[in-house]
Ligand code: AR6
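Below sits a lone chain in structure tokens, taken as the form predicted alone.
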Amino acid sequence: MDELRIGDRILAITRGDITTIPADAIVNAANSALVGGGGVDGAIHRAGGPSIMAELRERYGPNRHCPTGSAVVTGAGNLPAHWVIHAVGPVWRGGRAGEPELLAAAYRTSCELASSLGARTITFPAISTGVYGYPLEEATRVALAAVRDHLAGTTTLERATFVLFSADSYEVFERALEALRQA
């Protein structure tokens, strides 16, 4: 685990399975239809159980849609959290279709929702870097900057942790965190 202090708050990275890390809020890399999927989304729904999907249907309807850059919240089911924040990141289209702004918005909205719920701790995956094809190094810089900026402002969040599944992802986040530390 590596950490960066931002005032009295902490921005951290760790390697592991996001579904096993206790936090007040866990961020899910969701699709815009909020119907579950593969990768992190599938893992969160499997570990959290059917109550998460049932709540999505109940709260947001059968034809639910969450725009890219936005997020919605549900309970966390069987996960070691109180809430799941379902954030929709952009599909990579070469970087000239507003992807950095949309990705930053997904992280900002997640932080704002968590803070509005009174969360003190939050865990994040690397949104959009799987099947959505966002290049990891670029996504990492956007993600860390967005969460750092939120932690530097008014928020209930005390600790934000990026949970990276692979060693390669962890190394990219570690280098980017070190660059933030040196800035």
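Start at 1 with the first residue shown and count on from there. Source: prediction; values computed, not measured.
There is also a form predicted in complex with the ligand; it is not shown, and the following applies to it.
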Go through 110-118, 153-161, 59-67, 129-137 and give me the stretch that gets within 4.5 Å of the ligand in the predicted bound form, heavy atoms only.
129-137
Close approach of residue 36 to the ligand in the predicted bound form, 4.5 Å, heavy atom:
yes
How about residue 29 - does it come within 4.5 Å of the ligand in the predicted bound form, if we only consider non-hydrogen atoms?
yes
Is residue 43 part of the interface with the ligand in the predicted bound form - any heavy atom within 4.5 Å?
yes
Using a 4.5 Å heavy atom cut-off, state whether residue 18 contacts the ligand in the predicted bound form.
yes
Within 83-121, the residues that have a heavy atom no more than 4.5 Å from the ligand in the predicted bound form
none
